[in-house]
Each structure stands twice: as structure tokens, then as C-alpha cells.
Ligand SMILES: C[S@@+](CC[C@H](N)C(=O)[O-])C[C@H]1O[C@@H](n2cnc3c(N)ncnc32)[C@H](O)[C@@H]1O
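In the form predicted on its own, a lone chain appears below as C-alpha cells.
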């Protein structure tokens, strides 16, 4: 028997048909809702799902989000009057999350609109740009006129001026990122970002560099107005914050004031070998959070589930730490079966769950008695081997002493019949 998030009982077969893809329960449900729609980032999940899970929470509750990502959980909490602390290992996502959580005064939106006009005018009139990011094969991302136009906008935003506050400058960066990714040769038609075919050279003949610069400057002003308008949507009534830290050591990552959280709502990285650093590269390079490929790989290695760049070679030499195995019957066999097809992927799955085990064991230290935990996870398939992610999470919670552990299916993840998304719930003793 399967119980979905909204209380509808069904057989497993009926659930598979009824759940469907439910795009409302994905990042697509966030796009048109205020600050949630600032940037289209892959590691986002549904604000509507968070709202459902927050039912029953109030001012006395304190929510923890240990894998903040784009800040969906703390932003929903802030708009509903529920306190929330969040953690992320990626400094770019910490910056973005805290910017979303900022309660701006009444004049910021007008200042942003005015500043965007100034930036656009300076970009249109600017000569050769001073800087562009050291992104590998940057010509695959943008054609030369577009890259120059973006660099001019970036220079104009960074240009020092006494009249521009740090908050306005940060919001200008959000508007820039919107234009930057919209003008890139990338597609978001699949789960991860992919390159699309660059425009035919003949189609670029009529667009001179000046026309391209003007078109992107116009688009930047439009994006800034959209960001300014979004500030007033779903006003924030409670202060929430994202902290830079490692979710495998939550006591060290969170404020040292003995806080005890009454709920956890999160969606950790899925064990599907999708690198979130890879997905975020264009934003992180343009905003200065990455300077080279080595730095990208090292940050991905620190994150749970990362295998980008040098993280792959580091994974090749990784071995279990010997502090106990994964308490799920058949786990070693699953890893061995995956390893028969690809040794690195078997090692990847093992490391992923060892990291999650460490996270869940540390979670107990920061929770109040009876705290409820909701983890949105997706199962995976490696070659012919199914990876029952939700069941392994449930086993890890039980092994760590949590009680009333349950699994609820909420939607199909893709057109593949085997892949679903689940909410794994557990309660601290």
C-alpha cells in the first residue's frame, strides 16, 4: 500500500498512474512566485510541497534545512512566520539564499530600477570590457558578441559608485544572472543542463556587436524590473538565515547557542551522479565564486554526491572509513552489482550513503525531542540495478534511533516507470 503526501491510499500500481509527473511539485511550480523565481537552478524543489509539510507549524517551531540549495524551505518559512535556519556547503547558494531572505526597505525596488538603467546605459557606451570569467571553453556557452556584451554589463555592475548600496548591487547581479543564462547556448529540457547547438553564423550577420550589446542591455533592464517587482510578493515576516557549513557536522555549522529544532524539511542531493557544481558553473564563475576548474572539482568533492572534475579522480581512491556499514539488508550486494557494470559508480553509491549516514547520526544532536523530519528523495537506477534510495534512508533513520519512520510516494520523476520521488519521514525520540 502506498500513501501519498495528500492522504490518498492506493495500491502501488494505482499510485504509479495517479501520481504522474506532478510538475507543481517540482521547481517549475516556483518560477512565477516572487523571489523563488529569481534564477532557474536545478537544485530547487517545490515551494508548494514545503507549504504542505509546514502545515501545523507555527511561531513556536524552529525548522532546520540542512541542504538549503536555492533556499526554498527557509524562504517559505520566512513568508509564513516560521523560524528557520539553513545550511549549505556552496558559498554561492549561501549568498543567494540570504539575499532571498533579506527584508528590503521600501526604497530598494526604486533604487534597483534606477541603478539598472544606469548600468545598461554604461554597458551600451562601454568600450572593450576589462574582464570575463575563466570558464573552460567559454565559447561553447556564448558566441563572441554575446560574451562581450555580458562582460560589459558585468563591468558596469562592478563599477564603484557611492550611490549604490551592497543590496542593490546584489540584486543587479541577480538580474545579470537571468540575462546571462537566458543568452547562453544551454537547454533545460532534461534533468541537468546541456548544451544546445549554437546559432548559425548566417543568423548572426545582421546582429552587429552594437546591436547585441543593446539587446542584452534592454533585457537586463527588464530583468531588473522583474526582480524589483518580486520583492513585494509574499512579504517576509520572520527572519531566517542560511549558514555556510557541512551538513555532516551540523553542530559546527549552526549557531553555537544550543538551538534545538522542532522540524526538518529538506531535499538532499540525489544519488544520481548529477553534479550541482556543474549545473551552477556559469553563475559561480561570473559572480567570482569559482576561478578555475580545480576549484570547482574540489568544492564538488566536499559536497555529498559530487563527482565533477577532480572529484572523479579522488573518488577512484576513496575507501569506506570502517565506522560500520550501511544498515540496509542487501546494500553490499547492490553496490557490488553496480560495481560490476562500473566500479566507480559502485564506489560513488557507497560513499554517498556513508556521508548521509554521518549526517543523520549528527542530526540527532541538534533536534528537540519529538522533532519531525521530512526528507524529499528520489530513487535511482544504475544500468539494470535499482537503488531503493527511500528505503535506505528509512533504514538509516531507524538505525540512528528515530521512530515512526515512514515512506510516502509523491510523484513520478521522469517518464521512466521505475523512478519516483518520495517523502521519508521520521521523528526524533
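It should be emphasised that the depicted structure is a prediction, and the values quoted were computed from it without experimental measurement. Residue numbers count along the first chain shown, from 1.
As for the form predicted in complex with the named molecule, it is not shown, yet the points below apply to it.
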In the model of the complex, do 84, 364 and 397 all put a heavy atom within 4.5 Å of the named molecule? no
Can you tell me whether residue 89 touches the named molecule? I mean in the model of the complex, with a 4.5 angstroms heavy atom cut-off. yes
Please tell me whether any heavy atom belonging to residue 337 falls inside 4.5 Å of a heavy atom of the named molecule, as the geometry stands in the model of the complex. no
Would you check, heavy atoms only and a 4.5 Å threshold, whether residue 269 touches the named molecule in the model of the complex? yes
With heavy atoms only and a cut-off of 4.5 Å, decide whether residue 173 touches the named molecule in the model of the complex. no
With the partner removed from view, which of 115-123, 71-79, 129-137, 312-320 is the stretch that lies within 4.5 Å of the named molecule in the model of the complex, judged by heavy atom distances? 71-79
Interface residue in the model of the complex among 393, 67, 38, 382, criterion: non-hydrogen atom within 4.5 angstroms of the named molecule: 67
Of the residues 350, 273, 248, 178, which one places a heavy atom within 4.5 Å of the named molecule in the model of the complex? 248
